[in-house]
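Below you'll find only one chain, the form predicted on its own, shown as structure tokens.
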């Protein structure tokens, strides 16, 4: 049980090592909200995976900021002594907004575990202290540029390559990577850029021995995903479509996918992410941990989650250097064998560096219990 005394929000901006392009658009900077929750006994950090605009999700930074400031923080202050498992009830008056809720729930959990001296991985039920790393490669201007990036990531030791695709930049480029590397674990991510009219494209991709095709159709269309899965051999994986454990149940029961990408920040935080893991594991569906270009705060959270037993595929939890020249925390480093250590310390096991945090903060606001 913990009692929250203050909540602090920071909007931070960190330039990316290179532009990251998907079918949604191009990002050159990571701009996100970091949340600090203070309790009577400790403090904890969370990261909101929403972005500057409502592209990937209807949530975005300014909206999440207002939801936390005007609704979630007051609800926490009014809850008194409460356990993290009770926060669904505490926040029940706020419909949706899972990314904003995740930022607060994860920070609260971090504080609670720091006060107990217990690691996040231990609390979640992790059975490993290192996780296998994959990498997501954005849409490149040419096939040559794509092959150059893939070459570099494989040389660093990444165990799975995921290629972002969009109509017109799909089969030919994926085939070129497969020809260059016949044996690697290779997947593609469409970010909902296709429709059922594109079945011929997916049948061509069927011939390339892919691990999965991720989120080919609209985020809210489980029925057509189920139809597509029946018409192709390659396993479909859902990302944007899975917003809760209930969505995971529906998707698997409908046959809309065979694999699930768990982004804890997308489904409402670590506890809901663990529920999606448990449901998928009970149904025999592999899961892996997706990424949202997180800072070291969100990366530490993802590493702990990816250490659970049902995470059997390399995820998108890449090294800090994949994204940032200078992360907000000490960098997460991938070993040459393509694995990364799960932080063993109390809570999420990392802290922002004060000087770096101040340098990348665009705006900050603090709310205290009256």
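Positions refer to the first chain, counted from 1. Remember, it's a predicted structure, so these values are computed and weren't measured experimentally.
One more form of this protein should be noted, the form predicted in complex with a small molecule, which is absent from this view; the next part is about it.
This chain lacks the partner; the member of 79, 174, 292, 84 within 4.5 angstroms of the small molecule in the predicted complex by a non-hydrogen atom is 292. The listed set 140, 97, 149, 191 contains one residue whose heavy atoms approach the small molecule in the predicted complex to within 4.5 Å, identified as 191. For the candidate spot formed by 10, 47 and 106, no residue has a non-hydrogen atom within 4.5 angstroms of the small molecule in the predicted complex. Residue 214 belongs to the set of residues with a heavy atom inside 4.5 Å of the small molecule in the predicted complex. Among residues of the shown chain, residue 263 is one whose heavy atoms approach the small molecule to within 4.5 Å in the predicted complex.
Put simply, residue 56 is close to the small molecule in the predicted complex: some heavy atom of it is within 4.5 Å. Using a 4.5 Å cutoff between non-hydrogen atoms, residue 316 counts as a contact of the small molecule in the predicted complex. The stretch that touches the small molecule in the predicted complex, counting heavy atoms within 4.5 Å, is 161-169, out of 229-237, 161-169, 268-276, 196-204.
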